[in-house]
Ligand SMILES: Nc1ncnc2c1ncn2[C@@H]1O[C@H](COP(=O)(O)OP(=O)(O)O)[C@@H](O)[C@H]1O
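Only one chain is shown below, in structure tokens, and it's the form predicted alone.
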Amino acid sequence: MKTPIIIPVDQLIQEPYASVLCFPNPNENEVQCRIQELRNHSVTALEFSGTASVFGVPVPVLGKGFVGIVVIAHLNMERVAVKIRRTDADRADLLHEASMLSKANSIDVAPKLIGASKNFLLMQLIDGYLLPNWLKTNREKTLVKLVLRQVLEQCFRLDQAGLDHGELSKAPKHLLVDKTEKVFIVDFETSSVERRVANVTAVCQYLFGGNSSAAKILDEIFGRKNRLELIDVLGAYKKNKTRENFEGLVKFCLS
């Protein structure tokens, strides 16, 4: 892995860092405004590292999406994750996501929210792996069962709280396993408390009912689930999201 590049906040006006701070349309005024916004959060530096990249910008980042770029921020002698709103994002700020993340935190789900403003979302930095990558090197059934039980339990808590993540059918991008085998559900930018919740059913369909790389590995570990039986247990849970129906679903999936 390349040596991380640590840039003090005052130097983010320089390229190529300004292009990350205001991707994809940097201009000096906006860069200066965002630098001040970072100062308001007491951020002293940004750290450019990771395996992702931003088109046309020759520095690494932790992640990128349609709404934001994720890098590491140095805050009060601590390293945290910071999501930077893209200048072409389809939303005016990151405050809705912060609100959803805070609600998830209240039920012990997701990385801890540290701070938020128009263009920045600061949260706990997770040192770990996306679930599909973790599964490639962890095939022991008891350990996999422990991790997947956490995934399902956290999705159940989200269902009970009335918070729909909205992207768990694309779970490979939204489930992290840290180095202590603790699971984190990430990226609540499209989450809602207004629509019908479908966290457990969405993640089960991804893990046990599809053809993803993760599903294929789980087929090898647990055996291929009968699709009609999976539909039945998912249907029972969807109809009545009780703890009893949830435990029946877990038993079916992880046995």
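Numbers for residues come from their place in the sequence shown, where the first is 1. On a predicted model such as this, the values are computed, not experimentally measured, just so you know.
The same protein also has a form predicted in complex with the named molecule, omitted here; what follows describes it.
Proximity to the named molecule in the predicted bound form, defined as a heavy atom within 4.5 Å, holds among 70, 38, 203, 214 only for 70. In terms of contact with the named molecule in the predicted bound form, the residue from 114, 177, 98, 125 that brings a heavy atom within 4.5 Å is 125. Of the stretches 219 to 227, 182 to 190, 42 to 50, 206 to 214, only 182 to 190 has residues with a heavy atom within 4.5 Å of the named molecule in the predicted bound form. Using a 4.5 angstroms limit between non-hydrogen atoms, residue 149 is distant from the named molecule in the predicted bound form. In the predicted bound form, the named molecule lies within 4.5 Å of some heavy atom of residue 64. Contact annotation: residue 81 falls within 4.5 Å of the named molecule in the predicted bound form, judged by heavy atom distances. A residue is said to contact a partner when one of its heavy atoms sits within 4.5 Å of a partner heavy atom; residue 173 meets this definition for the named molecule in the predicted bound form. For the stretch 130 to 159, the set of residues having any non-hydrogen atom within 4.5 angstroms of the named molecule in the predicted bound form comprises only 130.
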